[in-house]
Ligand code: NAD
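Just one chain follows, in the form predicted on its own, and it is written as structure tokens.
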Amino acid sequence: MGILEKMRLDGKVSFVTGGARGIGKSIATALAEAGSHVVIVDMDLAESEKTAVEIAQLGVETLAIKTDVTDEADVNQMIETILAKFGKIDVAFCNAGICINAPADEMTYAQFKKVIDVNLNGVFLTSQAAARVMLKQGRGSIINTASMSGHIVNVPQPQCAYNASKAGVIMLTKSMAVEFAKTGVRVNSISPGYIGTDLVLESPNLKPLIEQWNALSPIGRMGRPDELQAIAVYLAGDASDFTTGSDFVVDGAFTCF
């Protein structure tokens, strides 16, 4: 099989949490373009259904499911719904996340817990649920969205909870990868830098921060959601069979100094 064939995902079934918009939608689109059927998992069902309809135009089957990734029962029901329709899960892109910027001495415990619950516990629940299916299949790829914030302390915004959650995702990924290494189930993470999603670019509160981020960046700009697509498709397909336990930093060299 040639490299181009190995990059194809024809017949595979993928789910993407936080898939209704932003990075999740971009990755879901890329997986579909490579041939995978795609399940859009998000709290916003209306937007998920809209995204699913758009992606279906690429000639694959799609499904939209409303799921709270912090609720174990909800996650398990999501998995059952996918299996009922497709009978398998080949790729899990665990991407749902939030950020609350607050100084560490002022952040409430409820705020801290909410970020950890979505960003870390949610990734654990969705990747664990996917792994249980994949282990029975003897094959599968789990891709977790971490962040360059799991490697550095971002400035000028105070975001200790976010940074801690993403560092946790990286180590969770590595730990699961080692445990599953001989099973055919691979676990990797992608650590994006600052990505200019519509929500970010359209936020008036973030405009002064974006200017500072760009000034600090060696490449001088934010990334685009589509610039994360290639690494996701690589990790989802057979071309990455020997790749597990890795964290791929895609940040325009931001963390290099």
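Counting begins at 1, following the sequence as shown. All figures in this text were calculated on a predicted structure; none of them were measured in a lab.
What follows is about the form predicted together with nicotinamide-adenine-dinucleotide (NAD), which we do not show.
- Of the residues Ser127, Ser147, Thr173, Ser141, just one reaches nicotinamide-adenine-dinucleotide (NAD) in the predicted complex with a heavy atom at 4.5 Å or closer; this is Ser147.
- Residue in contact with nicotinamide-adenine-dinucleotide (NAD) in the predicted complex (any heavy atom within 4.5 Å), chosen from Ile195, Ile231, Ala30, Leu63: Ile195.
- Within 4.5 Å of nicotinamide-adenine-dinucleotide (NAD) in the predicted complex, a heavy atom is found for all three of Gly22, Thr67 and Thr70.
- The shortest heavy atom separation between Ile210 and nicotinamide-adenine-dinucleotide (NAD) in the predicted complex exceeds 4.5 Å.
- Proximity of Ala131 to nicotinamide-adenine-dinucleotide (NAD) in the predicted complex: non-hydrogen atoms within 4.5 Å are absent; the residue sits far from the partner.
- Taking the partner from the other structure, nicotinamide-adenine-dinucleotide (NAD) in the predicted complex has a heavy atom within 4.5 Å of a heavy atom of Ile98.
- nicotinamide-adenine-dinucleotide (NAD) in the predicted complex comes within 4.5 Å of no heavy atom belonging to Ala215.
- None of 131-139, 103-111, 90-98, 177-185 except one has non-hydrogen atoms within 4.5 angstroms of nicotinamide-adenine-dinucleotide (NAD) in the predicted complex; the exception is 90-98.
- Using a 4.5 Å cut-off on any heavy atom, the one residue of 165-191 that reaches nicotinamide-adenine-dinucleotide (NAD) in the predicted complex is Lys166.
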